[in-house]
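Let's start with one chain on its own, the form predicted alone, as structure tokens.
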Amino acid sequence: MSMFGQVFVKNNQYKIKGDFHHLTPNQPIRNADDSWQLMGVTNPRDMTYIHSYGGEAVFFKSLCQGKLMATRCDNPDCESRGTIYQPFRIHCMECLGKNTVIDMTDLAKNTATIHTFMVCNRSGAFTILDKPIKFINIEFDGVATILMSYLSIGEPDIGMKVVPIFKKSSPTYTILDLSWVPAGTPESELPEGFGF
């Protein structure tokens, strides 16, 4: 019996433990219109990506704690000093200095509005969101950038006030742990595992 693969960091190095390789036999592809003639084979493969968050780890960790982190340039010599960025940016695009991590949860709860949106009835492989997916671009007062996310409840509308919800139970530690609902949505209506 093999153990599902795990990765951890020790002494500043990635340590890989367990089984990341899963053999799956090829299966024949046959032509149903021609006496089930052999046309080829499937070649299934499982892939495991090791994706390092680096300086963005605090952003993803904070989502399951119900916090939306952003960054701000605090370099006194930079023309962009005081600029807040969401999505999270480690470095200022102007001075290339390291930005300061800030908690913008309250700002998001009070000022988030839908800038634009699109509704997708079909999506690419491996998408785990329910369809239709209501992708929304969100703007915040005093924030220089616009965040793309998804609306979990209701129908999007440009200018609609929305509030963030966070996957606090069984988080994925990905951007899918953050979603949005129309302002005023009761907590009892939130998707399973999500909270304010």
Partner chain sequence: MIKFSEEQLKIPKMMKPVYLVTAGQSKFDRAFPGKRTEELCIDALTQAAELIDMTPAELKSYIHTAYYGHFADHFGDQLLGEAVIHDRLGLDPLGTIGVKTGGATGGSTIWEAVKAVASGYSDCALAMGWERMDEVPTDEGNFLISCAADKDWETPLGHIYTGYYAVMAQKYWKVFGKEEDSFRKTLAEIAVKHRGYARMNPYAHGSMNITVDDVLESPVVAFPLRALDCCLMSVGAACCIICDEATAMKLTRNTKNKPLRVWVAAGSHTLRPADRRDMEIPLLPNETADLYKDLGERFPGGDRYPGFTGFLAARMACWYGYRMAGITDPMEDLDVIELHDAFTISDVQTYEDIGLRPYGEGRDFVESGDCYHTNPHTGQSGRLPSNLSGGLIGCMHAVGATGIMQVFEIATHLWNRWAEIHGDEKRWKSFDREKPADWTDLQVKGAKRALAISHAGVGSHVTSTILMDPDHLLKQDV
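Just so it is clear, the structure is predicted and the values come from calculations on it, not from any experiment. Numbering follows the first chain given and starts at 1.
Unshown form predicted in complex with its partner chain; subsequent notes refer to it.
In the predicted bound form, at least one heavy atom of residue 146 sits within 4.5 Å of a heavy atom of its partner chain.
The shortest heavy atom separation between residue 58 and its partner chain in the predicted bound form exceeds 4.5 Å. Its partner chain is not drawn, but in the predicted bound form it has no heavy atom within 4.5 Å of residue 72. Although the partner is absent here, residue 36 lies well away from its partner chain in the predicted bound form, with no heavy atom inside 4.5 Å. Applying a 4.5 Å heavy atom cutoff to its partner chain in the predicted bound form picks out 86, 87, 88, 89, 93, 94 from 86-107, in order along the sequence.
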